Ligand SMILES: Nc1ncnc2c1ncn2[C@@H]1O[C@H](COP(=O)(O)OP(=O)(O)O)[C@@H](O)[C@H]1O
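Below, in structure tokens: the form predicted on its own, a single chain.
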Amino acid sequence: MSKTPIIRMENVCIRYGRGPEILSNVNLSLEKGSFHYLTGKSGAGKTSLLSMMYLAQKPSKGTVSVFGNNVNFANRNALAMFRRRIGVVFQDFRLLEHSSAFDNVALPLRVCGMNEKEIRKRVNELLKWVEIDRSPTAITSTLSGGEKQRVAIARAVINRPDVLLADEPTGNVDNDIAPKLMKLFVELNKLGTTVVIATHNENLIKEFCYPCIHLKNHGVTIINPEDGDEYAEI
């Protein structure tokens, strides 16, 4: 484990416009190679917390550090470099709708300048894992919601990011494939990727036991599997 947290939030608050604070005085430290769920009721601030982690939003107050760097005042170029090390699975997918499933997943590798032979090998292997191998050339707009979710997950993990952030990554897939996708996240975590998954899926939390970053009353509590009843009630 690294002595410097890969993500750190100190006294972080966030609000939109003049509205009330969504999150207040959040202190959170995630070590390299850790795995956490992000839980809480709808409106608790899960998406807001994730957006700060993937550097799409800055806090109203407090400090956010990523990879040991205070990003509050980082310039555009620095933020772009940090984002290349972060894989994100968005709840609304954010895929290139008029490109193929293959090209969507290949995009992060092409941005990094990888040769096409290696790209084809990696992308085809991963599409097979997420069961999109029968239609890799299909235009994304023609895919079902569950298929788009799997393409989005494949795109997020294809370059083996230092951090993977996923917002309800199993929300649009069948119950039989959700555990398989979770195993993909677990294997990526074993390779050293720090994983944070926002979810309401109690079955997955019980089957794959990891600590929860639980949002309640505008704040954060870390709940571990060994916390018994408190963990079981998430």
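No experiment lies behind these values; they were computed from the predicted model shown. The first residue of the shown sequence is 1; numbering continues from there.
Heads up, the form predicted in complex with the ligand isn't pictured, but that's what we're talking about next.
Asks: With a cut-off of 4.5 Å between heavy atoms, is Gly192 one of the residues that contacts the ligand in the predicted complex?
Replies: Taking the distances in the predicted complex, the answer for Gly192 is no, it never comes within 4.5 Å of the ligand.
Asks: Is Leu28 a contact residue for the ligand in the predicted complex, using a 4.5 Å heavy atom cut-off?
Replies: Flag for Leu28 set to no.
Asks: May I ask you to check whether Asn201 falls inside a 4.5 Å heavy atom distance of the ligand in the predicted complex?
Replies: The answer is no: Asn201 has no heavy atom within 4.5 Å of the ligand.
Asks: Answer with yes or no whether Asn175 is in contact with the ligand in the predicted complex, where contact means some heavy atom within 4.5 Å.
Replies: No - in the predicted complex, heavy atoms of Asn175 and the ligand never come within 4.5 Å of each other.
Asks: Given that the partner is absent here, state which listed stretch (181-189, 38-46, 202-210, 66-74) has heavy atoms within 4.5 Å of the ligand in the predicted complex.
Replies: In short, 38-46.
Asks: Report the residue, out of Val220, Met9, Ile22, Ile223, that has at least one non-hydrogen atom within 4.5 angstroms of the ligand in the predicted complex.
Replies: It is Ile22 that has a heavy atom within 4.5 Å of the partner.
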